[in-house]
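First comes one chain, alone, set out as C-alpha cells in the form predicted on its own.
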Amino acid sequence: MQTVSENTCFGGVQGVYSHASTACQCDMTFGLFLPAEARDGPVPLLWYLSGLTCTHENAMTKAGAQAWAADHGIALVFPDTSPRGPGVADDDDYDLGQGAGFYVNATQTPWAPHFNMWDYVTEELPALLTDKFAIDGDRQAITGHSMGGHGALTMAMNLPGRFRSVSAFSPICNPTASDWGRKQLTAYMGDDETTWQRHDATVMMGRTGFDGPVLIDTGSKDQFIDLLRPESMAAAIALRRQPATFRLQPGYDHSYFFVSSFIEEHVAFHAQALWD
C-alpha cells in the first residue's frame, strides 16, 4: 500500500491510498477519513459507495461528510467505483466500464478479469483497512449514492450481520426492471437473470430485508427518478413491513447538492447504530 496524500481534516486525517488489488488485478485507490479518536484505538467505520462516473474523490470532496464523522468519532472510507488502468476493459458509454463497476463480480468477457467490485468492497478492502488502520471491523455501516446506493443496499441485505445500519441517497432500487441495470447486469453477468437477483435491492428486500435500521432519501425532482424506481422499493418495504425511513425530498435532484444537504442526518443515523 502507498500513501498518495494525507491532510489534517476536522482534527483527524483525510488520506488517499493506493494498493495492488488481487480481486481487481490492478492498482486501486481509496480515500479514508480517520477521526482524532483513531489515535487512541480502533473506531467504527462508515462505507460510502459512489455512483456512476465517480472516483474515490467525488464524495470525499463534495459531500462534506468528514465534519459530521469527526463529531461522532467514526471513520469514513470512499472506495473507487471500478477497476481502472490501460489494461482494464472500458466502454464508450458512461454507464458501463471504468467508473461503472455496479458493485458486482463480472463473469463475462471482457469484464471478468478486473470487474470484481463485490469481492473488492466486501472482502479485500475491509481486510486491508482493519490490518493497516485503527478500524473496528465489528462496527461497520454502509451508505451510497445512486449506483453506490444500489451497492450499499444489496451488500447490506446479502451479508447479514456485517453492517449495523444501511442508508442510501437516490439509489438504483430495481435494476432488473430498469434500463439502468438490465444493460449492465447483462454485460457483466450474462443473460441468466437468476444471477441478477441478489444485486437488486427491491428483490432482496422482498427476500430477506435487513435486520437493522434503514434510511433512504431520493429527490422528488431527481432527473433519473424513472430509472431509479423508488416506488418499487417503497412497495417492497411496505409488503415486508420492514422498519425503514423512506423519504422523497421535495425539490431536490440527483446532484451532490442533494447529498450534502442530508449527509449530516445520514452520518448521525449511522453513528447511533455504530455506537449503540
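No experiment lies behind these values; they were computed from the predicted model shown. A residue's number is simply how far along the shown sequence it sits, counting from 1.
The following text describes the form predicted together with another copy of the chain, which does not appear among the structures shown.
Engineer: Pick from 210-218, 22-30, 247-255, 229-237: which stretch has a heavy atom within 4.5 Å of another copy of the chain in the model of the complex?
Structural biologist: Heavy-atom contact with the partner occurs in 247-255.
Engineer: How about residue 60 - does it come within 4.5 Å of another copy of the chain in the model of the complex, if we only consider non-hydrogen atoms?
Structural biologist: The answer is yes: residue 60 has a heavy atom within 4.5 Å of another copy of the chain.
Engineer: Are any of the heavy atoms in residue 18 no more than 4.5 Å from a heavy atom of another copy of the chain in the model of the complex?
Structural biologist: No, no contact at 4.5 Å.
Engineer: Although the partner isn't part of this model, could you tell me whether residue 7 comes within 4.5 Å of another copy of the chain in the model of the complex, counting any heavy atom of the residue?
Structural biologist: Within the cut-off, so yes.
Engineer: Would you please decide whether residue 68 lies within 4.5 angstroms of another copy of the chain in the model of the complex, comparing each non-hydrogen atom pair?
Structural biologist: Answer yes; at least one heavy atom of residue 68 falls within 4.5 Å of another copy of the chain in the model of the complex.
Engineer: Using a 4.5 Å cut-off on heavy atoms, which residues of 12-30 contact another copy of the chain in the model of the complex?
Structural biologist: The stretch 12-30, when checked against another copy of the chain in the model of the complex, contributes only 14 at the 4.5 Å heavy-atom cut-off.
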